[in-house]
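Taking the form predicted alone, here's one chain by itself in structure tokens.
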């Protein structure tokens, strides 16, 4: 068996075993790549894992592309990506097929209506935690409220909003609060 097909099977099995949690795929891949096949040392794998965790983007895709490239070049990278994406694509295809057939049933409709508040809570809770960490108080709460109003009600693009805030932040720091900068 070639390295590419072996890499494909390694990532296919690890992705099937870890759907929903990309980090669960690390242990089976490490076992296959380091312990069973000896393609990498444990130190190399740990260094590459640290590098992949620092990369922006989807961890599973970065992990597959990077480890696949390390063990099999560009072919190994493509094979690892295909092994990572195939189970997710198949599950998504099945869910979409059945969802369009089942969405009109009363039980499914009730379930989806019941899930809506949980989804809203899953979105709002990290926002609240982020707000606490970013020190939003009553004196500066008007900034995110105004931003939400401009985007939600007035239809302003968030890109323009970010550019405007950056511009006014620059002007504020340059002319209104120049005493905060250290003197040369």
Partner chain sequence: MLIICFSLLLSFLQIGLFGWGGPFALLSYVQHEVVVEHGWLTSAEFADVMALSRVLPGDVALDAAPLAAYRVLAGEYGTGAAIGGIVVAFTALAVPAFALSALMGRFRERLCSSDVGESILSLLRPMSPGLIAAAAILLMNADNFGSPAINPWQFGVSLFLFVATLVGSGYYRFHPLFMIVLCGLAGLLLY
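Residue numbers count along the first chain shown, from 1. Superpose the two forms; the largest set of C-alphas matching within 1.5 Å is the rigid core. Source: prediction; values computed, not measured.
Omitted from view is the form predicted in complex with the partner chain, to which the following refers.
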{"query": "Contact flag, residue 28 vs the partner chain in the predicted bound form, heavy atom cut 4.5 Å", "finding": "no"}
{"query": "Residue 47, heavy atom within 4.5 angstroms of the partner chain in the predicted bound form", "finding": "yes"}
{"query": "Partner contact for residue 127 in the predicted bound form: the partner chain, 4.5 angstroms, heavy atom", "finding": "yes"}
{"query": "The partner chain contact in the predicted bound form: residue 36, any heavy atom under 4.5 Å", "finding": "no"}
{"query": "Heavy atom within 4.5 Å of the partner chain in the predicted bound form - qualifying residues of 98-114", "finding": "99, 100, 103, 107, 110, 111, 112, 113, 114"}
{"query": "Residue 9 C-alpha moves between this form and the one not shown by 2 Å or more, core aligned", "finding": "no"}
{"query": "Exceeds or equals 2 Å, Cα of residue 74 between this form and the one not shown, core fit", "finding": "no"}
{"query": "Core-superposed comparison between this form and the one not shown, residue 89 Cα displacement 2 Å or beyond", "finding": "no"}
